[in-house]
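What follows is one chain in structure tokens, specifically the form predicted alone.
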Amino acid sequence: MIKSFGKKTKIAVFISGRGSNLKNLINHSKKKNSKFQIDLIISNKKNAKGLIFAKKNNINFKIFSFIKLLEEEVKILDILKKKKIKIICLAGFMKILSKNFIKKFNGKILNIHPSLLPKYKGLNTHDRVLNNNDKYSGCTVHLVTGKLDSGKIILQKKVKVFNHDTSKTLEKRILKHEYLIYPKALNLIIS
């Protein structure tokens, strides 16, 4: 649990792409009952569409290529410390953070994953669900550990898979549930 003392807890969001989960978190952070505020956005791509939301909302953002991973992680940890960031939310962030980074950032790192973990860790989850004829899929918010998609589960939402589903239609339906559970999970871990 992250203690909140009346003020909103400062979080950073790491993105790689379109930033739809970022946009959703920004919208939730503006609500009266939200326990968090987004103070920093980190992207590994300078042309990530999600950076539009950073600019629109006057949120400070930094771009790191993650090519020189360890050097860049040291710089990121320094920025997080200076900004008093307590939680990192990975939202479509397509890079793996080092075990050292995860350990050194002694706050909490959350991730949203488009499957019912522990099933279908990693990529191409919707295709894998459909190829296995699963009746249900869903999404999971979990704590990040040194093992891929293996940390403690905070919240999950089950979503029915229909016979006519494609990976695109399934992704679209699951994304709507991601938007609901990510801010909820975030508020849950902030006491």
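Position 1 is the first residue in the sequence shown; the rest follow in order. Everything numeric in this text was worked out from a predicted model, so none of it was measured.
Form predicted in complex with a small molecule: not shown, discussed below.
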Next on the checklist: Whether Leu175 contacts the small molecule in the predicted bound form should be assessed with a 4.5 Å heavy atom distance threshold; does it?
Outcome noted: yes
Next on the checklist: Can you tell me whether Gly92 touches the small molecule? I mean in the predicted bound form, with a 4.5 angstroms heavy atom cut-off.
Outcome noted: yes
Item to check | Partner contact for Ile112 in the predicted bound form: the small molecule, 4.5 angstroms, heavy atom | outcome: yes
Checklist entry - Is there a heavy atom of Asn21 lying 4.5 Å or less from a heavy atom of the small molecule in the predicted bound form? => result yes
